[in-house]
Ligand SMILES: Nc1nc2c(ncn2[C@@H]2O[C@H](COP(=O)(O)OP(=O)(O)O)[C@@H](O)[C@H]2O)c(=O)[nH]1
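Shown next as structure tokens: one chain only, the form predicted alone.
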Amino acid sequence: MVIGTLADGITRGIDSVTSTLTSPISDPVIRLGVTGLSRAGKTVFITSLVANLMDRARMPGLIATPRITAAYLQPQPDDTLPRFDFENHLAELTSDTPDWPAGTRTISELRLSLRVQPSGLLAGFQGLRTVHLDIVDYPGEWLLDLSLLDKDFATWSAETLARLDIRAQAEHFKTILAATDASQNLSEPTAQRLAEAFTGYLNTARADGFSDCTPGRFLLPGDLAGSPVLTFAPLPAGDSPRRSLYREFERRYDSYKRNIVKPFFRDHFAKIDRQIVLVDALGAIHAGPPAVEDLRSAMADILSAFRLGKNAFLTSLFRGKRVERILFAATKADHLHHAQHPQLTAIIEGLARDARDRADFAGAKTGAMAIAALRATTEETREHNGETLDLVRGTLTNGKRAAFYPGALPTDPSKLLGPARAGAETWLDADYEVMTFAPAKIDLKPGEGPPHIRLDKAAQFLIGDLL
């Protein structure tokens, strides 16, 4: 497997080898990767996690909380990465007119250092120790790109074009593609028209709730916008003489993997110890069965990108670290009354089943749970047409207050996952709605972080054993 071969050939360099050799007498470092798909809330998760680790009154589920004596931000170890803008994001969420911070558009990093009192029989004879938590934030679209390393241009094109047949968002691109002869000599205006139409399709598909929208840099081009490495599109197989459009797109696709995907894997992704994948499962359910099936497939592809298993000393020293724990977290649990949280948890477990089975077999520990990194709603119960409805109430992004009932999620997740896998276009027996809530105005007491749902339990799963 290309990813496995590439990863096994990667070492951490001289600095990393030194760090590994001296780890028994140096401060331990946990590298936590945070990513998510389709507006899952990565920025809010990191901001709330750091704030709640610094002020821990709302973190009882993190077992080490009573033994953490201090938490403070330090300069990040990688001077070449942007710093995660924690202070400004927290200010946005906790101001008198709170607002959601802008989403992740590039990779960033933040180091939080924790002073921890050791536990155990010899704890009284040991001093405080420092554990560094390096949080790496990166777009979920980049994670999905890692699956491209195992695919040549013909394979990627065939898979992508097959998806277009069931996505109405691709009609414009398919029209332009049908009028294009890929065996003709490269015409740069033709290449640009195809790439622009394909990029437009990817953006529309993502906005409509689909998860697998690769290549990810087409959605977040940054300073690569307009470059040849982002000017290609899937093409049907056929004659491909030299200098043809097909051959040039094939070359650009290979350049994309070589110059964009592989450096991200080598420089950042391959160094992660623990990973959380945030998933907007409620958004996919609202979008319909095709979006749910697309999400399930994307989550399975995500696992193919991880180097799974436990870290042995020599493996860590000579071949880089493996991801030991992965948490799949369904976000926006505050959009549901707590009575429906077990159903949401069962759904994320079902969506992640293929991925988790593969990871568990490889020796990694996986988990799934429903969370809200920042609680934006309150709960209430009302009588309506003789029924008792469990509602959530919050402020919508338009400023209006609203009580909301999204529909009853099934207790058996196969009621959703089965029709999605079978190719259903719509839910036959229910409609599932979503609301876009603004963050609630909050008053934090001394020692309190922002209110959340199960953020402490997520932290316990991800880093609790190392504290």
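All residue numbers are counted from 1 along the displayed sequence. Just so we're clear, the structure is a prediction, and the values are computed from it rather than from any experiment.
The same protein also exists as the form predicted in complex with the ligand; that form is not shown, yet it is the one meant from here on.
Colleague: Which one of V277, L374, A298, A281 is close to the ligand in the predicted bound form, taking close to mean a heavy atom within 4.5 Å?
Modeller: Spelling it out, the residue with a heavy atom inside the cut-off is L374.
Colleague: Find the only residue in T214, S147, T104, Q76 having a heavy atom within 4.5 Å of the ligand in the predicted bound form.
Modeller: Exactly one listed residue reaches within 4.5 Å, namely T104.
Colleague: Each of F153, Q184 and R251 within 4.5 Å of the ligand in the predicted bound form, by any heavy atom, yes or no?
Modeller: So, no: the whole triplet misses the ligand.
Colleague: Would W100 count as touching the ligand in the predicted bound form under a 4.5 Å heavy atom rule?
Modeller: Result yes; W100 sits at the interface with the ligand in the predicted bound form.
Colleague: At 4.5 Å between heavy atoms, is G41 in contact with the ligand in the predicted bound form?
Modeller: Judged by the heavy-atom cut-off of 4.5 Å, G41 is in contact with the ligand in the predicted bound form.
Colleague: Closest heavy atom of S414 to the ligand in the predicted bound form, within 4.5 Å or not?
Modeller: So S414 does not count as contacting the ligand.
Colleague: T436 versus the ligand, in the predicted bound form: is there a non-hydrogen atom within 4.5 Å?
Modeller: It does: once the ligand is placed as it appears in the predicted bound form, T436 has a heavy atom within 4.5 Å of it.
Colleague: Tell me, please, which stretch of 43 to 51, 424 to 432, 399 to 407, 58 to 66 lies within 4.5 angstroms of the ligand in the predicted bound form when heavy atoms are compared?
Modeller: In the other structure, the partner sits against 43 to 51.
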